[in-house]
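A single chain, nothing else alongside it, follows as structure tokens in the form predicted on its own.
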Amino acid sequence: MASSPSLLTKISHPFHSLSSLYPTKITLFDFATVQSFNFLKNFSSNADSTNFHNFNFDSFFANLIDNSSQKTNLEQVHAKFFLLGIHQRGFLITKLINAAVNLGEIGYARKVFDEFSDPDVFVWNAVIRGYSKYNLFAGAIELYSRMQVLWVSPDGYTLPHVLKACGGLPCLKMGQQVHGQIFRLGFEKDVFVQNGVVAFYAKCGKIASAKVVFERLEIRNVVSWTSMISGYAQNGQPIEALRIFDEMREMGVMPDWIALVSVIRAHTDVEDLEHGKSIHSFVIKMGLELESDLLIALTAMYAKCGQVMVARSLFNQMKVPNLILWNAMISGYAKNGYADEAVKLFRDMISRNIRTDSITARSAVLACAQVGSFELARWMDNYISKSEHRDDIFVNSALIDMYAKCGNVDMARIVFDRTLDKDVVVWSAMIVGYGLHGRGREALDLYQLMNQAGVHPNDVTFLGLLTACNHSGLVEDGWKLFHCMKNYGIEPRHQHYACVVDLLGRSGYLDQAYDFIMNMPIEPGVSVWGALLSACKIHRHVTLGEYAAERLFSLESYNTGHYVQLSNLYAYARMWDRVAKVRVLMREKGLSKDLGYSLIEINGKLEAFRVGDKSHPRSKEIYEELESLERRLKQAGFVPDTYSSLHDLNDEEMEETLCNHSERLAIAFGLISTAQGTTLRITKNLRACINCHSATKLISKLVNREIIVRDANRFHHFKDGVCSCGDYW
């Protein structure tokens, strides 16, 4: 008998459609074996019907699907299902949907699902898993709802994915309904399902409910513990997260990398670097040091705790740092006094065309504010205006703060005015900016507009208002505002009390300030006693100043500033023997007065000067300009104030020392480096002394320049012989 032609060559037989898959497509699917193909190829025509019905399609096509590496492969296989009439086999459709999901083709997975006429729970699970996996939570819940309408009962694999979707949205009501269904279906002892319930409640901020479910678990695996640790960490309870972690370790459960990420974040929140380092060591021992989420968490921890060099070394380990890592590093630099590095890293980021988010932009703006360069501030504002963050309310609030701290409150107002849908943060940022520059009336006017706009103030708003009143001598207004806080249900903090003490004290109401402190409902802190001591120095009230200093020494015995303030008080009162005693006390404690320095911005570059500094390349020109200024000051009748100067110097030495203060050197450099009429912008790390403040007022008139000085407390705008502070500082 002549042999029958191969089934793969018979056009009339359904198996002919498989010929397109063999042998040329084998490489496409990368099979480990071709036995199934060989079996089909060797079918005889006499056995067609028997072999067709006996052939294991599930095994053959499951193998084919498992080896599919792209959507095209799956589409080819799906087409064969229809040609062979096996397109209603639930096992194969489930397999196909799962493969599509694993390839990231969720749209195609949904198309296959929608074309299947009678899906069972396994098919539903496959497509719901896909939506949940790719955080398409609304789609997962919509499918689950349809599943209920069609009376398809979920199983233990359906529910965790639905719970994940409910937590991800979040959708508390739907999740609670699912929780109720879990009891009705008898899954209350299923640890896999119950872990999903714990995670759901934690993500919805219902950590107490999560704890109840967790404590009822008869069996707790690493996922159970991790869900609770993550829940506490994500809901602002780092101490509880660490307690659960310790309990987990005592139970002998080995943490996974997900748990360690949350533990590191908890240590970051409480700034516990030492224990954080021990977790880092544990990570290395487990061989997880290259896990990206752990690297991000560790980078953030070291950056926030001030170990920016360690953080940068971890950052550099990532070949392609993701956005979260960039943010952690830029924010870490900005918040730990490395503003220049933060700006440099931000510039590097945008030069690589890496997309930034709101957090990136805010951290970069914060860094620019710390640098204090007006030119840099304008560059940042220009970048933001051309980016997708231009209407971001948080970024605009940061820009307002940046301009205010860079010495241009009018530019801050421009940003404020162009910001749409202003919230309390935007209003507060502008009010704080006015306060920083001593523009109290404008701050109060803005507060009235804020009330008219129906925006309720918060504690920051009142802090800005009190600061504005304090820096402008508006005692009555400030006093009323402080007592208005209770009308908004705002409890004053130490900063508010310190502002009121400063407000009263600077105006000479020292007894009232003392009574106010004695009647505070909270224990007075350093800021409160410091404000009183500063006021006593201004008004030369030695007895009360000594009492305030004693309180400060008991709270911070090694803070140099407190001793300097007391020494200055004695010097103002010309009590030189007591000045000497304070100096002896400082030497015994190993304390020395902080060295003052001033920065001036010239053509976008910051130049630094210290008292008596002669290290600058143009030092000769600077001192010649300084001598010229001093001659003009004397001719104008200026007399240096020497009350608070070192009493062991003679008058000539005192005068020379005062002339060489860092801000005077910065002014001289600015005058020889810029065109006539250019505004000089100077930043000083300490408060300006009375002598330099008086001299700068007169210099501004003599050279016909505006000179803006930002000292440790506030901004001073010197123009035409007058300072914006009204000598009230």
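For every residue, the number given is its place in the sequence shown, counted from 1. It should be emphasised that the depicted structure is a prediction, and the values quoted were computed from it without experimental measurement. Heads up, when I say rigid core I mean the largest set of C-alphas that superpose within 1.5 Å between the two forms.
Not pictured, yet referred to below: the form predicted together with the DNA.
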Looking at 106 to 114, 630 to 638, 174 to 182, 359 to 367, which one sits within 4.5 Å of the DNA in the predicted bound form if you count heavy atoms only?
359 to 367
Which one, Tyr623, Phe192, Phe81, Tyr547, lies within 4.5 Å of the DNA in the predicted bound form by heavy atoms?
Phe192
The DNA isn't shown here, but in the predicted bound form which of Asp340, Glu607, Asp155, Glu240 has a heavy atom within 4.5 Å of it?
Asp155
Do His280 and the DNA come within 4.5 Å of each other in the predicted bound form, heavy atoms counted?
no
Contact label in the predicted bound form: Ala328 to the DNA, heavy atom within 4.5 Å
yes
Any chance Gln234 has a heavy atom within 4.5 Å of the DNA in the predicted bound form?
yes
Partner proximity in the predicted bound form: Lys335 to the DNA, non-hydrogen atom cutoff 4.5 Å:
yes
Need the contact residues for 572 to 587: heavy atom within 4.5 Å of the DNA in the predicted bound form, sequence order, or none if there are none.
none
For a quick test of reading the superposition: does Ala453 move by 2 Å or more at the CA between the shown form and the other one, rigid core aligned?
no
Core-aligned C-alpha movement of Ile219 between the shown form and the other one reaching 2 Å:
yes
Align on the rigid core first; then say whether the Cα of Lys164 has moved by at least 2 Å between the shown form and the other one.
yes
